[in-house]
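For reference, the chain that follows is the form predicted alone, supplied as structure tokens.
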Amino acid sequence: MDLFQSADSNLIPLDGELFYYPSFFTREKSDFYFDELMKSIPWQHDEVMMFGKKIITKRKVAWYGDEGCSYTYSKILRVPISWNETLLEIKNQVEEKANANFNSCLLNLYHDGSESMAYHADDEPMLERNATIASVSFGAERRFLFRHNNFRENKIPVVETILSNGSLLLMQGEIQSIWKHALPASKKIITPRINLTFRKIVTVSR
């Protein structure tokens, strides 16, 4: 199923809401943001727990947000870095389009198509349930997949799109509870991609 449809329509067949804006930012602005984020973000290799062992990934990440918006995934605690001017500028534009407020952002740097993400959902307990998550992409185009939790039983097809440079993807409603998403690997992709996912943390520490 191709997501290149009107962004005013829900782009998944059932259970949740998905809206895609392939050119939310202009090419010029997207390239500017990509360069600014590459040089200004203190990128670090991600750490995940797999089979009881800590794994260091090739992918690099950074966690930004309001004070107290720490985030735990894969049993690793991330303490937020204070927003910089570029991220605040992007966040303000995304919030206006999404009609939502975000207090945190996970940034991912994929150096090429060999770096990927398996199927998962952004449904950690500290995130506001069924709140909007906004995903912004800069750099290389990458395939992005959505798979319903009951895809086998109900024969629900995988939903697929190409996340383009400057695109905005809004995930809303029950989509994190009922669908999982993935970024598959590709040997054809030889350039980097930066992804920003703006979120709402509700368990805030002081």
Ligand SMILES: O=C(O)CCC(=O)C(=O)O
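Note that the structure is predicted; figures quoted are calculated from it, not measured. Each residue number is its position in the shown sequence, starting from 1.
There is also a form predicted in complex with this ligand; it is not shown, and the following applies to it.
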query: Partner contact for residue 106 in the predicted bound form: this ligand, 4.5 angstroms, heavy atom; finding: yes
query: Distance check, residue 122 to this ligand in the predicted bound form, heavy atom within 4.5 Å; finding: yes
query: Distance check, residue 180 to this ligand in the predicted bound form, heavy atom within 4.5 Å; finding: no
query: is_contact(residue 144, this ligand) in the predicted bound form, heavy atom dist at most 4.5 Å; finding: yes
query: Members of 146-166 lying within 4.5 angstroms of this ligand, judged by heavy atom, in the predicted bound form; finding: 163
